[in-house]
Structures are given as C-alpha cells and as structure tokens.
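Listed next as structure tokens is one chain, alone, in the form predicted alone.
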Amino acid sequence: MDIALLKAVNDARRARRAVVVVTDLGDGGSRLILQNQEVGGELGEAVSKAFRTGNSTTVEAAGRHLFLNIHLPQPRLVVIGAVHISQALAPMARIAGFQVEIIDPRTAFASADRFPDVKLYPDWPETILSERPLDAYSALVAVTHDPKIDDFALKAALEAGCFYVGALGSRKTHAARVERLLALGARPDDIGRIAAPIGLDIGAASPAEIAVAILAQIVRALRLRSSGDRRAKGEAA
C-alpha cells in the first residue's frame, strides 16, 4: 500500500469512516472506496456486501481478480442508564466486539463497583454526547425510563444516523415518548427507526434475558444496515 493510500485509510479510521481498499491482483494497483460511494456492476455488489459483513475477500469483477480489504470502525454501544439490564448487556456486548460506554447522571447507579472495566460517564447525555458524538457505527440503547435522561440521547442518535436506536418501555410508554420527541423537533420517519419495545421477541423476562434480546437485535441491525432488509430496523420479516 502506497503512502498516500495508507494516509487516507488512517484518516478514515480516525474519523470513524468505513473504507475498503481494492487491489487488482493482476497488476497490483490499489484504490480506496468510501462507504456510500457509488460503485456500479459486480464490484459495486461485492463492495456493498463487504461493508455489510465486515469481511475482506477476493472477488472477480469485470474479468479482474480483486482483493477487497475492508476497514470498519469498531462498533460502539452507548447505553443510557446504569441499570440491571445494562449490567448484563455491557459484558456481553464487549465479548461480541463492541466498544461499550454507559452514561447516567445518577451517581448512585453509575458506579465503578457496579460496572467494572466499562467506560462509565456519571453525567448528563447532553454533556457527554457533545464531547463524544454518535455516528453511523454507533448503537444507542436508552433504558432509564426517565424522559429527562433518555429523550435528548434518543434524538441525538436519530440525528447522527446511528445504525440502531432502542428504548425500553411498553407501547403506551413509547407512544408518550413519540409525542415528546415530535415536540423536540424529531422527524416522524426518524422516530419510526426506534426499536420499541426494545429487543427481539424471545419472551425475555429477567434483566439478563432482556439484555440478550437487545444485543441480538443490535447485531442484526449492524449486519443488515443499508441492505434494505426490514429486519435491520428490528421489524418482523
């Protein structure tokens, strides 16, 4: 990889942008393709699949043998609320490869004793998310049941284009949440992206089971993002 291409890849990593380096195995020539950059034909299909799966691969396109070297940002999970569900979700998400952060201004909940080895921010989401903005490779889970804490974070996640946005609560609770988000200026189409009730329907009852359902839904959304599949939004197939 030449110096200019390496610099472009490193710049993309710092900016948390997904890129793929396409190398022609015949002549050794390489080029960089950004996610959402328009690429047609067989190569375009292969590149789209690589961005979805995160798997580097060798393909044949237009009679050329090509190696697609994918570089994706580490997926980030931001949990709003240091609750029992979060205590189960955080270690599972870390094992699954997510960078996990928990935000909760309630210091009685957001303690290192309850969340060892997790990035913990005992502050308001408005403060932390202004310093550490969300992006398309971030998932946000809001589980405090407190509009003063959850609502700003949910709106920020929708505006940032997070690949997953979920909120704990019944359908009645979510209906009230929708009205509040509309009043805050969120767009109806964006609000429709919120997974609520949160998690896959596996009959979860305990906090740990709910955490499993949430993580499964997040992983599915990550792998199906931009695919046009309804399941990427947590909808039934």
Partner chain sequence: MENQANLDDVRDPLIIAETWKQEGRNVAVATVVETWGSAPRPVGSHLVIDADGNFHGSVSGGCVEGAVVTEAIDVIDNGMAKMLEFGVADETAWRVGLSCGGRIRVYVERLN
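Source: prediction; values computed, not measured. Numbering follows the first chain given and starts at 1.
One more form of this protein, predicted in complex with the partner chain, exists but is not displayed; see below.
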Heavy atoms within 4.5 Å of the partner chain in the predicted complex: which stretch among 204 to 212, 175 to 183, 60 to 68, 44 to 52? 60 to 68
Might Q87 be said to contact the partner chain in the predicted complex, defining contact as any heavy atom within 4.5 Å? no
I'd like to know if V118 sits close to the partner chain in the predicted complex, meaning any non-hydrogen atom pair within 4.5 angstroms. yes
Taking any heavy atom pair closer than or equal to 4.5 Å as contact, tell me whether R220 reaches the partner chain in the predicted complex. no
Given that the partner is absent here, does A108 sit within 4.5 Å of the partner chain in the predicted complex, heavy atoms only? no
In the predicted complex, which residues of 71 to 107 put a heavy atom within 4.5 Å of the partner chain? H71, Q74, R94, I95, Q99
Specify closer or farther for A50 and Q217: how their Cα atoms are spaced in the predicted complex versus the shown form, given a shift of 3 angstroms or more. farther
D11 and A93, C-alpha gap in the predicted complex relative to this structure (3 Å or more): closer
